[in-house]
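Okay, here we've got a single chain as structure tokens, the form predicted on its own, with questions on binding and movement later.
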Amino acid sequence: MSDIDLSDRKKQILYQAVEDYIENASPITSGAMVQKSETTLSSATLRNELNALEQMGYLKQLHTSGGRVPTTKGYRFFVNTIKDNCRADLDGLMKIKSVFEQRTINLSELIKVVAEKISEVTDYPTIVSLGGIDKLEILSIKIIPLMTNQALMLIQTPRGLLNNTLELEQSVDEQSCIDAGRVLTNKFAKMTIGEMVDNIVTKHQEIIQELNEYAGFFEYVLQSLVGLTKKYAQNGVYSKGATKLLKNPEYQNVEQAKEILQLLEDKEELKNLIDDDSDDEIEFSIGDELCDERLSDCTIAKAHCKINGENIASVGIIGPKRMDYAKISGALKFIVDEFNKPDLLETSKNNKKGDQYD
């Protein structure tokens, strides 16, 4: 039976019932609904409608004589209904916006701070998985000499800096590093990082013919790029606010809470939970839909941040099925919009104006 089989009255009652339960965590009763709402329906009529909604699988009774709570199907109806009616904590979201505008930090640091701020705004554990960096376009490459036969490679992308260390056979002076960075930028700007890896051997031959002095950088750059993509694939998962779950009555059971907290410490499992090929910008997976018994009383809200159709980062929020869906939707929509703003690059350039390596 689908939602289209619900009468308008049943939809209104179900929506109110789920909304009340999200707010109060108290089982739904006809008497409580009559007291709280402005409905003209009698308690008996409401009770009959709640019985019908239970039989249709939208509500369930935990105890024979007790009130009802929403099922996964009931929450799914609610999420589909409020999909276009998001709300958000504007003050909190402005803090996230300020993080995006401070584009002087590298991309991995940006993601960590964003995870922390989202957790603060939503009051739920938040996971951010940074993937697909090979799809990021290269805007510039800079080489900065370090001590002991090392140099730092900085790759500027439209969404922040990527950095990795080059292990060299011998020390190089500052001017040589600056010139090498300019050569690399000239050869690889507007390519993606993946395209740079694929084409670096061909470009190597060009450099040998044009500027033999910098040909030796290519082997180190290639090694560094391969290491960089592996590093983000393996470690680009950040989570914040795990213990916030314990504030919710659903996780007062110690054993149940322990299972969820252990899951939140496993980066590989977290990555699998929030990374997927969905075309949806924002999606909710509720209870049984997660196909994981440990998460049967949870909802995972996910947002996918894309560039040119490629998923670059995924944001996930884990909470009880009773989470504030409208607030979570608003926060995730804000993140997706901020992440994909075309003017972020200009902000980054302005912030870094005057850098000695520009």
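All residue numbers refer to positions in the sequence shown, first residue = 1. Everything quoted here is computed from the prediction, not taken from an experiment.
The following text describes the form predicted together with the DNA, which does not appear among the structures shown.
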Inset, instruction - Would you mind picking the one in K327, K306, R47, R322 that has a heavy atom within 4.5 Å of the DNA in the predicted complex? - result: R47
Inset, instruction - With the DNA left out of view, choose which of M56, L290, V69, L41 has a non-hydrogen atom within 4.5 angstroms of it in the predicted complex. - result: L41
Inset, instruction - Tell me, yes or no, whether S314 is in contact with the DNA in the predicted complex, where a contact means a heavy atom of each within 4.5 Å. - result: no
Legend entry - in the predicted complex, T299 touching the DNA (heavy atom, 4.5 Å): no
Legend entry - Distance check, I28 to the DNA in the predicted complex, heavy atom within 4.5 Å: yes
Inset, instruction - Answer yes if any heavy atom of R9 is within 4.5 Å of a heavy atom of the DNA in the predicted complex; otherwise answer no. - result: yes
Legend entry - Option from 47-55, 328-336, 314-322, 291-299 whose residues, in the predicted complex, bring a heavy atom within 4.5 Å of the DNA: 47-55
